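Just one chain is shown here, as C-alpha cells, and it is the form predicted on its own.
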Amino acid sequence: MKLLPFDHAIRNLARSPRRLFLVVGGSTLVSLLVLGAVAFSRGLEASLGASGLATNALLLGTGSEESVERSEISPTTAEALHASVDGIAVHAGRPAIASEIHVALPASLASPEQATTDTASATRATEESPIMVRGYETASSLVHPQVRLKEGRWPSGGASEVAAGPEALARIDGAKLGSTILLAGEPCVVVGVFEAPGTTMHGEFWMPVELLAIITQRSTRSCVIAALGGVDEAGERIDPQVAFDDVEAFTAMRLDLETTAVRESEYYAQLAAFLAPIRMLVLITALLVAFGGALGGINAMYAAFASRVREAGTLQAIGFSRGAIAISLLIESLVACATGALMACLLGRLLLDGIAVRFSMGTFTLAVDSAAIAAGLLAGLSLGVVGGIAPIARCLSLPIPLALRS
C-alpha cells in the first residue's frame, strides 16, 4: 500500500487555523483535566504514605482505629508502654515515644487589640477555618524525623505559643512568624515555622500537648507514637517486627487502657483507602468535564474532514487507496491532539505541580509525576484516535464519482 507523504498531513493542518485551534484547544482541555485528576490522586496517596513510618507503632483508643481525631486514651499510656516493652528506640538517652493530641480547631488572625487581651475577651477577628493542631511532646521530634524547624524556635512550655507548617500559615491571611493567631479563641504567638514537605504535617500547627489539653478542655490524649528498634540487655538491636508484636501483646494484656496498636504506615494506608472514593469521584468528574471538551474537538475534526470529501475522491482517483488516505487523515488528527496533550503537560508542570490542597487531615500537594504526564498524553492520543474515526469514515464512505462531484 502506497502511503501519502507525511508532510502532506502536516501541511493540511494549517489549512484552517480556526479549526486547528479548536482541535488543539479541546485536546489540551481534556488532557489537562485528566492530568490534574491523576495528580490529585497521586499527591494524596504520596502525602499519606510519607506521613506514616513503618517503624512507628501507633496506639489508639479501641474503636477509633480509623480516626486519630476521635481517639481518646489515658495520659499514662506512654509511660506504661515504655515500662513494659523493651523494643522502643532510644536516641541520646531518651526513649522515642510521644503522647499526642490531634484535633481540628478554628483558626484566625488576631487583631492588635485581641493580641493583648486575655482568653475570655478574645473574639474572632476574621472568618475562621478549622486547621489541624497537634499537641506534641519533646520526644515527638524523635518519632517524626520528617519534621524540621525552618525558622524561629519551638514553643516553650507554659506559654501560649505555636509552631506552624507553611501551609497552615497560608490558610490564614496575613499570618507569619511572630503573628498572633486565635485557636478556638485562644491567642497564640507563632514562634517557629517548621517544614515536612510531602506529608500532611506540612499544614499543621504544633503546640505543647499540655497547652492544647487546656484549650480543648480534655484530660485524655489522642494517641501514643513509639519508634521501634531498641536494644536488649545484651546490647543487640531488637527487630522492629518483634518489637511491634510486643506492643500488640501489651495492648492485649492491658485491657484497662483500652488501646489498639497499628503500624503508623498501616494507619495512613487505611486512611488512603477510606479516601479512595473521593479520589475516584475527582477522576470521574474530570472525565465528565473532559468529555464535553472532547465533543468540541470531535465536532471541529468532523467539520474539517467532511469538507474534504472531494480531496479524498481525487486522491483515490490518482491511485491512493482508502487505507492510505485514512492513515494520512489519522496522522493529522493525532498530531493536532498530541500537540494539545504536550501543551497540557507543560501547563500541568508549570501551574499544577506542587499546588497545596487542603483537607481535614492537613494538606497535600498535587504531584504531576510520570504517571500523571503519561495519563495526560494517553488522553490526548486517545482523543486523536477515537475522535478521528467517525470523521474519517464519513469522508471516505462515498464512491469516487460521488466524492468528486460533492
Partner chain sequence: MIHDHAKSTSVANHAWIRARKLRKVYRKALRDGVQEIVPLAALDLEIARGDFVSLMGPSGSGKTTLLNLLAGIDAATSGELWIGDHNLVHMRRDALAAWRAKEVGIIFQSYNLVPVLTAFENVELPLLLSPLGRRERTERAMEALTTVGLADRAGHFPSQLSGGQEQRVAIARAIVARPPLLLADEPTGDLDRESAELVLQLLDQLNEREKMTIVMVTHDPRAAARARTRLFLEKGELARREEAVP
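Numbering follows the first chain given and starts at 1. Here the rigid core means the biggest group of C-alpha atoms that line up within 1.5 Å when the two forms are laid on top of each other. Source: prediction; values computed, not measured.
Quick note: we don't show the form predicted together with its partner chain, though the next part is all about it.
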Open item on the list: I'd like to know whether residue 244 contacts its partner chain in the predicted bound form, with contact meaning heavy atoms within 4.5 angstroms.
Closed with: no
- [ ] Although its partner chain is absent from this view, report whether residue 151 comes within 4.5 Å of it in the predicted bound form, heavy atoms only.
- [x] no
TODO: Classify residue 15 as contacting or not contacting its partner chain in the predicted bound form by the rule of any non-hydrogen atom within 4.5 angstroms, answering yes or no.
DONE: yes
Task: Contact flag, residue 76 vs its partner chain in the predicted bound form, heavy atom cut 4.5 Å - done: no
Open item on the list: Just to be sure I understand the contacts: of 250, 267, 302, 320, which is the one whose heavy atoms reach within 4.5 angstroms of its partner chain in the predicted bound form?
Closed with: 320
Task: The single option of 94, 218, 237, 310 touching its partner chain in the predicted bound form, heavy atom within 4.5 Å - done: 310
Open item on the list: At 4.5 Å by heavy atoms, is each residue in 141, 197 and 354 next to its partner chain in the predicted bound form?
Closed with: no
TODO: Can you check 95 to 103, 80 to 88, 320 to 328, 275 to 283 and let me know which stretch has heavy atoms within 4.5 Å of its partner chain in the predicted bound form?
DONE: 320 to 328
TODO: Could you list which residues of 4 to 22 come within 4.5 Å of its partner chain in the predicted bound form, counting heavy atoms only?
DONE: 4, 5, 8, 11, 12, 15
Task: Rigid core superposition, residue 328 Cα moves 2 angstroms or more between this form and the one not shown - done: yes
